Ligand SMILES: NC(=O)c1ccc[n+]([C@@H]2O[C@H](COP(=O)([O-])OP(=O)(O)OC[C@H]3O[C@@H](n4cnc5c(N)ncnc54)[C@H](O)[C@@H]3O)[C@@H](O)[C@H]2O)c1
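Form predicted on its own, single chain, as C-alpha cells, below.
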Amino acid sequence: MKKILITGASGYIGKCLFYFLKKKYEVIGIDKENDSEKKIYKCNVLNTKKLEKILFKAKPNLIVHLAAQSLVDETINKKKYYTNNVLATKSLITAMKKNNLNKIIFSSTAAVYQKNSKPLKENSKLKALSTYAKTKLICEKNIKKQKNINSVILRFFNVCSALDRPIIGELHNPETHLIPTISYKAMFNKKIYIYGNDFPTHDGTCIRDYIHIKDICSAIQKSAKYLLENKKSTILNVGNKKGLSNNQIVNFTKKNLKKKIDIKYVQRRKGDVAMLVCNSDKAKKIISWSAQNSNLKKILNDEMIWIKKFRRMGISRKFKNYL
C-alpha cells in the first residue's frame, strides 16, 4: 500500500483528508498541534532537521502540503504569513530533497487570480491582492522551480461543509468563513454580519464558488493517483463552477431552516474581490474530477449535522470581534 504524508493533518482539510484517504492509502500526518483522535507526528514544518528525520523514518511516496497560515485577514502580521507559508514550504522542499522524495500536492488558492467577472481558468491572469494569496503564489513558483520534484498544485475555491462518515468539519477559533458562520448563527438566532454590500454584483454582495470538503478530498485523492502514475506536473482549479452571492446563501438558509435571520452589513475586508468563480474543466480532463457534492442544500445539511455533533460535545463556535 502506498504511503501519503499530510502536513497540517490536524487542520480542517487535513483532518477530513486523513480519514478520506485511509481506505486506499497508508496515511501519515504531521502537525504542530497534538491530535488525540489519530496518530500523527508533532512537528512544525519550519523545523527542517526534525522534518528530515520524520520523512526518513516514514518514507512516504507522496506528500500533501496543507499546513499554512490560511485566514484572509490583512490585520494579521505579514511576517507571519511569510514565515508559515513561504518559509515552511521551503523547509519542506529541503527535507524532501534530503530524502530523495519527489512528489507533492500543494494546496493553493483561487485568490491568486486577477479579479474577473468570468469563470477563471488555470491560465487566467494572476494578481494576488491579499498577503495570504501573495505568499501562496510565491510557494507555487518555488515548487515549480524544482527540477526533480513533480507536483500537482490545486487552487482551491471556497472550501466548506463537513464529512458525514465520520462526521468531521470546520471549527476554527475564531470562525470567519461564511457558510459555518451563517449556519451556526441562524440555528441559534444570532446576528450575522456580512462584509460589504457595495460590490459591483447583482445584489451588492460578493460572489464566491463554494466547494464541499468531500469534493476537495476527492480532488486530492485523484491528484495523488495521477502523481503516483505520472511524472508530469500540473496546476488545477478545484471549484464548483457556480457562483453564489452572500445574500443568496442567507436567503437559501432562511428558507432551508425556516428561520428569520438578522443581517447587518459592515465594511468590506481589504483584499476581498467582487467575484471568484472557477472553470474546472482542466481537472475533469487531467484527473477525471468534477464536483459531485457541492450543491448548496447538501453543503448546508452536512454543515448542520456537524454543528449538532460538536454542540452535543459541549463545544461552541467562537467569532472574532463583532462576528
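Residue numbers here begin at 1 and follow the sequence given. Quick caveat, the model's predicted, so the values are computed rather than measured.
Another form exists, predicted in complex with the named molecule; not displayed. Remarks below refer to it.
Judged by heavy atoms within 4.5 Å of the named molecule in the model of the complex, the contact stretch among the candidates 100-108, 144-152, 185-193, 229-237 is 100-108. Residue 12 belongs to the set of residues with a heavy atom inside 4.5 Å of the named molecule in the model of the complex. For the chain shown alone, residue 272 is not a contact residue for the named molecule in the model of the complex, no non-hydrogen atom being within 4.5 angstroms. Using a 4.5 angstroms limit between non-hydrogen atoms, residue 45 touches the named molecule in the model of the complex. Using a 4.5 angstroms threshold between heavy atoms, residue 156 counts as touching the named molecule in the model of the complex.
Out of the listed residues 202, 78, 177, 127, 177 is the one that sits within 4.5 Å of the named molecule in the model of the complex by at least one heavy atom. Just one of 66, 287, 291, 27 comes within 4.5 Å of the named molecule in the model of the complex, counting any heavy atom, and that one is 66. In the model of the complex, not one residue of 232-266 has a heavy atom within 4.5 Å of the named molecule.
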